[in-house]
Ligand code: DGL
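The chain that follows stands alone, in the form predicted on its own, written as structure tokens.
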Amino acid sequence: MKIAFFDSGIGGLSVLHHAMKILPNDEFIFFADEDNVPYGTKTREQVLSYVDAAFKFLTAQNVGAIVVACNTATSVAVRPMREKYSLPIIGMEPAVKVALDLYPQKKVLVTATEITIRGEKIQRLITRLNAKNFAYLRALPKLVNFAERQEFNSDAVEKYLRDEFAAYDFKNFSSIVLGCTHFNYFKDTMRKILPAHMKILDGNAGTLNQLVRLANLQVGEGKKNPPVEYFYSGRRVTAREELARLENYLRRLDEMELI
């Protein structure tokens, strides 16, 4: 099956990266809406229009399923896209349930973009999990910009995260949830800053489990180089320097998997 992974930028590569390792019989399209990144600071109406345009393009590529590998796009647009299209559409969900299942009655810091933090979807999730007394929400919008320019563990990144985390006494926190796929590139800096007992959790595995279930896919040992087509806002990526840039991101994700 040809499966599309869609994101506002290169954050969704972290979901594709995992899929490439567990889905040996499938081929992939990765669509980064580089013309409009970041989504987290846009209006809901803008994000919905961007996602709708991307879906029109992707469905014309004869894909069998679309993974919205972007928490912001999921919170705004997955429901209307499911009403419009009949193929399996899988969105992201912050791994709050995972955190609370692993560590009941412990606090969890849920990080995401501003539009996700303000959105109804994450509030519904917290209500459904009875997590109002345990889930603390924090927007980290600058991490998207850092990731897009491949600035992963600079002094500026570390200072930004230290400043954002300064308001919390992490003694009673069990974990931090990465509610934006762009945040996966910063696990090493977070590990350096956060107390050793805090786990760093993301929603990639849960998203792919849902994809496998809904699209009836066969899980196995991934190929070394599964076929992937890359697109920036509908334009096929063929330039050597851009393909090398994407490979750098994938190598970075190999490193982050070890943390």
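Just so we're clear, the structure is a prediction, and the values are computed from it rather than from any experiment. Start at 1 with the first residue shown and count on from there.
One more form of this protein exists, namely the form predicted in complex with the named molecule; it is left out here, but the text below deals with it.
Participant: Thr113 versus the named molecule, in the predicted bound form: is there a non-hydrogen atom within 4.5 Å?
Facilitator: Close contact exists here: in the predicted bound form, Thr113 approaches the named molecule to within 4.5 Å, heavy atoms only.
Participant: Whether Ala54 contacts the named molecule in the predicted bound form should be assessed with a 4.5 Å heavy atom distance threshold; does it?
Facilitator: No.
Participant: How about Gly203 - does it come within 4.5 Å of the named molecule in the predicted bound form, if we only consider non-hydrogen atoms?
Facilitator: Outside the cut-off, so no.
Participant: Residue-level question: is Ile66 within 4.5 Å of the named molecule in the predicted bound form, judged on heavy atoms?
Facilitator: Heavy-atom contact with the named molecule at 4.5 Å: absent for Ile66.
Participant: Among Ile90, Val144, Ala99, Val76, which has at least one heavy atom within 4.5 Å of the named molecule in the predicted bound form?
Facilitator: Result of the distance check: Val144.
Participant: Counting any heavy atom within 4.5 Å as contact, can you tell me which stretch out of 177 to 185, 99 to 107, 156 to 164, 122 to 130 lines the named molecule in the predicted bound form?
Facilitator: Stretch with heavy atoms near the partner: 177 to 185.
Participant: Within 4.5 Å of the named molecule in the predicted bound form, which residues of 26 to 40 have a heavy atom? Give them in sequence order, or say none.
Facilitator: Counting only heavy atoms within 4.5 Å of the named molecule in the predicted bound form, the contacting residues of 26 to 40 are Val37, Pro38, Tyr39, Gly40.
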